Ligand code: G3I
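Below you'll find only one chain, the form predicted alone, shown as structure tokens.
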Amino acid sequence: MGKRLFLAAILMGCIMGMEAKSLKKAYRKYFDIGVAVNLRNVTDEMQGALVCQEFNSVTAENAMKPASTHPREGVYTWEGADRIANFCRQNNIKMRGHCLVWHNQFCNWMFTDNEGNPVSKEVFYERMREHIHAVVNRYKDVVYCWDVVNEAIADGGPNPYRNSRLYKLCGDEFIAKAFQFAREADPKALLFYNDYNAIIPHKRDNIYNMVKKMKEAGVPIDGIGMQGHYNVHWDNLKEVDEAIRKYSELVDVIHITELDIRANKDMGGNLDFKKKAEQAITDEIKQKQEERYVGLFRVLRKHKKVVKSVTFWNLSDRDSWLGTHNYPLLFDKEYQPKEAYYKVKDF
């Protein structure tokens, strides 16, 4: 089928009310199938139709992050987040909120006063609470869960916590405060801690210990988000299985929040120095990617009692934060389904 014919067929089916077999339909007895979107995905008619056909959960890739919504004190920029939220409202798609507190793309103005001097953590908490309440309340009608704190655990070293500006000012208390403020703003929302490389044993254990400590102290962490940035050369599905089992000792719900399987050998948040490196997508790489997706979804289906949502991080290779050449998703740069799409869908 031609590169536009596939999308045109989806659009026509949506107009006529015809529901084709899709990812969300194939997995309706297992878990939600989600996608992270940008503004182009929800304003282009055919891309929007693809989102509506295949997915029943949407995450705003960047538009709801702190720096995007609250760039300066007293200044909110809602346009991008509003457009994505309105797309979901109009199409009856629920949203995962992402994210309220992250050391990257954060409201760095919260750390200083008007003269650039550091503020106390009490002032910082007042600002953080105001931000969380404003964002959560604006979208609570369509957002059913939030990644409240993102990537607060270090990749290695003696201190389990990332030595971020947040941690330097507040220690791990900022995590507890963020969840407290989110629960105040929406008592009904599911609240998640979210991180990458959450299957790697040492980081998995540090995430587990942090969540256990917080929950024992009464911090309202409802679930754990396992980001899922893998590569075609990785095949340790046992680590995925073990991580889900371990986290399910603490929480009743786990989401795979940012799934992609890239062609190079990076994992997790590593990408900058290889993002622009060209590489040939051989038949061998395509086959490996199919095998990795099939194996991963086999494990996730086995854990359907606790895994309640699986979100692909971007709609197509064209949109991917990893770069088109990394070939990471089920839809290629022309929004056409790969063989991996059919393998995942037709299990």
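Since this is a predicted model, take the numbers as computed values, not measurements. Residue positions are given as counts along the sequence shown, with the first one as 1.
The protein also exists as the form predicted in complex with the named molecule; that form is not presented, and the subsequent description refers to it.
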item	value
Contact label in the predicted complex: Tyr125 to the named molecule, heavy atom within 4.5 Å	no
Close approach of His229 to the named molecule in the predicted complex, 4.5 Å, heavy atom	yes
Contact label in the predicted complex: Pro160 to the named molecule, heavy atom within 4.5 Å	no
4.5 Å heavy atom contact, Thr77 to the named molecule in the predicted complex	no
Option touching the named molecule, based on a heavy atom within 4.5 Å in the predicted complex, out of Asn209, Asn104, Asn92, Thr112	Asn104
Contact stretch among 148-156, 201-209, 243-251, 230-238 - heavy atom within 4.5 Å of the named molecule in the predicted complex	148-156
Residues of 77-99 having any heavy atom within 4.5 Å of the named molecule in the predicted complex, listed in sequence order	His98
